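Only one chain is included here, represented as structure tokens and corresponding to the form predicted on its own.
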């Protein structure tokens, strides 16, 4: 097939999508869309494409659309595009409810279009190498994993980001979902989960701003994810540490290096080359190229709606867990 005509709706988080589509060989970046018309005009000028405030007005001029809009708009926007026969890439989450997720999955199947969730972390080279290392068995059997996602988000009281209904939850659902997805990718199906969250330090949010999430997998592996938007001084030891029966697999916070560490020393499994070409949208390009390849070949994306629903259901189960009161 020829070039795939692409559009990006929402140029905050979607700005990286626009740059990646411009770089991707299979893509012809045709439109960028934002309610801030001046922003859309500026980006269009930089990338050599058209711009508009109204994405529905250009629906007949594109083949595939990235949506980087507020979470509560994902379901209605994606449904409109799917019903128009367009391939859709959605920034996480797929939707804020299981019902809407299932409707989108069904609609995409009926229309025979590709539906993919932009789980950017899943496609990074370091994570792909980590998955290969674990699956090879060369580095022992995983016992437990820990992940850290810590930052200090600028308060936005009254915004869609602050409200549970429009965000879909708190930090775990909005941001931690990337890293829950990675744990499922690495270790398979979860068996039991638990979760604790707090609003201390992020009182402007209705949902939790700091989260501790625990998973026990069917394989016996246990994992913990520490997520927060209220950390003033973040010094996590790594992005992920995975203890195995023979040593430690570690992904650096930058996610540019993966090491295997034992008492005898360390082995670098992956490190980004020194001559690596960096540019705007570089990390997003991995997932964009996968999305376009699936469109060109008629294959299902690795992070399709069904796969995204696994991580969403895991988090929803976590939110339902209440813990056990302690009587001292």
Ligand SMILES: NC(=O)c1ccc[n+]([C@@H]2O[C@H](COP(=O)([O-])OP(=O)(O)OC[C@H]3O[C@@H](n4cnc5c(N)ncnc54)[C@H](O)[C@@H]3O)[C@@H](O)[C@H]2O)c1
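Positions refer to the first chain, counted from 1. Given the structure is predicted, the values throughout are model-derived calculations rather than measurements.
There is another form of the same protein, the form predicted in complex with the named molecule; it is not shown, and what comes next is about it.
- Although the partner is absent here, residue 84 is not a contact residue: none of its heavy atoms lies within 4.5 angstroms of the named molecule in the predicted complex.
- Though the partner is left out of this view, residue 36 does reach within 4.5 Å of the named molecule in the predicted complex, counting heavy atoms only.
- At a distance threshold of 4.5 angstroms between non-hydrogen atoms, residue 70 is in contact with the named molecule in the predicted complex.
- Taking the partner from the other structure, the named molecule in the predicted complex has no heavy atom within 4.5 Å of any heavy atom of residue 318.
- The stretch in contact with the named molecule in the predicted complex, judged by heavy atoms within 4.5 Å, is 36-44, chosen from 57-65, 36-44, 271-279, 289-297.
- Put simply, of 77, 111, 103, 128 only one has a heavy atom within 4.5 Å of the named molecule in the predicted complex, and it is 77.
- Only one of 243, 199, 178, 257 comes within 4.5 Å of the named molecule in the predicted complex through a heavy atom, and that residue is 178.
- Within 4.5 Å of the named molecule in the predicted complex, a heavy atom is found for none of 163, 204 and 231.
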